[in-house]
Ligand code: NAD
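Coming up is one lone chain in structure tokens, specifically the form predicted alone.
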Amino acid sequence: MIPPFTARNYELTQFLNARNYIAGEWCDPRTSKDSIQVINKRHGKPMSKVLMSGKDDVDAAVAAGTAAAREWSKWPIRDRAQVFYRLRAALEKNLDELAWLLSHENGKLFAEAKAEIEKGIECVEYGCSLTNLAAGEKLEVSRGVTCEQVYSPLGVVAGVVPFNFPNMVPLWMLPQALVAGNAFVLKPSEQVPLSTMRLAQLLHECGLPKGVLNIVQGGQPVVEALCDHPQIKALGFVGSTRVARAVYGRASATGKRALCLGGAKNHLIVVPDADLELTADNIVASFVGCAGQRCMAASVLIAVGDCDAIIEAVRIRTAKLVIGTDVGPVTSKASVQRITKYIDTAQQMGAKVIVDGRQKQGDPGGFWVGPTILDHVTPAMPASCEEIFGPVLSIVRVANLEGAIEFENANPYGNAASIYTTSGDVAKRVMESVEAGMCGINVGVPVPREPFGFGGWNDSAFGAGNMTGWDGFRFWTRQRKVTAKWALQKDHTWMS
């Protein structure tokens, strides 16, 4: 049993070690004796450790899932959904506890962690609605002949989820995949394996049968084993573009379907007619939230023409933020070094640092980079085109809207883009032209709410469709078409 997390503040609190969950039992890896520490990012000290697994553990998880799926898939879809109705209530009841655990292992502020749990609850709600949405279609296509489409489970499926949203991203996948009748093998990030353990415990308490959900802790060997396993029929992945591309290629080579979401370089376009107060507040929230460690965070502000007043308002608001209170830590010492290098390089290449977070420090020992704004960034600077994944905003100045759209579309990613304007015509032109799958008008983090699906374009996504919403359900199922003739009429058609 995984007990509740006891902390209700940011003080360093220990938790139990992260283990595998196979066939409804918590267990150690079968052969590997390796482990790594789970570090509290705010304090830079261990709060747990994760026992690293390998191929043998994946084989055991798939075997457990295969056995469980035989019975689970026979449950009526409404009965399967009832587990998630109960999970929704459990998530709400334990909201603060789950948010504090997430905050301690990931580093998010408590309010940010709580918002993540609440978004996960929204995903669970969509899973509950599938009992009505997945009714299928039926039509009399000829005299006495009907065609019907139903959605059938694939069997055993798998998901690999990232460090930055350890509770929400699993809930992008689990409700659709499990309500559909599949068994699931989940590989959490080895940096944040604890939230998924509590989630599994809650699902068990909500009546999910043993073996329907299995968790295998580990790193690259586990991911490769999931890609290669012949009995895993579909694999979802969320992480960096480099790894997403590799996972998509390896998983697809085995004949399984794969949907792999990668990185991003999101652009906020601002024009002089934008509302100053709304725009400034929104831009700061977009690039600073979750310490910039989210694939929907703004990283480039494209200023069209004279936007100095808006830029100054953004600078003032950013400079007032208190690190540790308004901004959480980043994920590791290596992250601090990487983010700082982008800032140093941009400054050396001529960018102006108008807010400098390089020397900011929160709790001693933690991994801290304060919010930073770089002005007069050029396309030649790595900060303008590479994913930084930290609280850094690069400002690129262009003469006109066409230049802004050209700059946005030149980047290889296609995750998110937003426009700040009070002009409907300007907004329409941008929405019709930018190369991004998720777009915003006066919204800096244009995450689609359920039932609209989450997914980008270009190098931000590999595979067809979206990870959430109706696309997500279709990804975890296969369509069975049934054509039936019961009326033995005498006339003939081509279907006779």
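For every residue, the number given is its place in the sequence shown, counted from 1. None of the values given here were measured: they were computed from a predicted structure.
Note that the form predicted together with nicotinamide-adenine-dinucleotide isn't included here; everything after this is about it.
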| item | value |
| --- | --- |
| Partner-facing stretch of 302-310, 399-407, 126-134, 154-162, counted where any non-hydrogen atom is within 4.5 angstroms of nicotinamide-adenine-dinucleotide in the predicted complex | 154-162 |
| Candidate from 363, 97, 112, 190 lying within 4.5 Å of nicotinamide-adenine-dinucleotide in the predicted complex - any heavy atom | 190 |
| Interface residue in the predicted complex among 357, 329, 262, 181, criterion: non-hydrogen atom within 4.5 angstroms of nicotinamide-adenine-dinucleotide | 262 |
| Proximity of residue 243 to nicotinamide-adenine-dinucleotide in the predicted complex, heavy atoms at 4.5 Å | yes |
| Close approach of residue 389 to nicotinamide-adenine-dinucleotide in the predicted complex, 4.5 Å, heavy atom | yes |
| Contact of residue 394 with nicotinamide-adenine-dinucleotide in the predicted complex (heavy atom, 4.5 Å) | no |
| Distance check, residue 40 to nicotinamide-adenine-dinucleotide in the predicted complex, heavy atom within 4.5 Å | no |
| All of 172, 218 and 415 with a heavy atom within 4.5 Å of nicotinamide-adenine-dinucleotide in the predicted complex | yes |
| nicotinamide-adenine-dinucleotide in the predicted complex - contacting residues of 47-63, heavy atom within 4.5 Å | none |
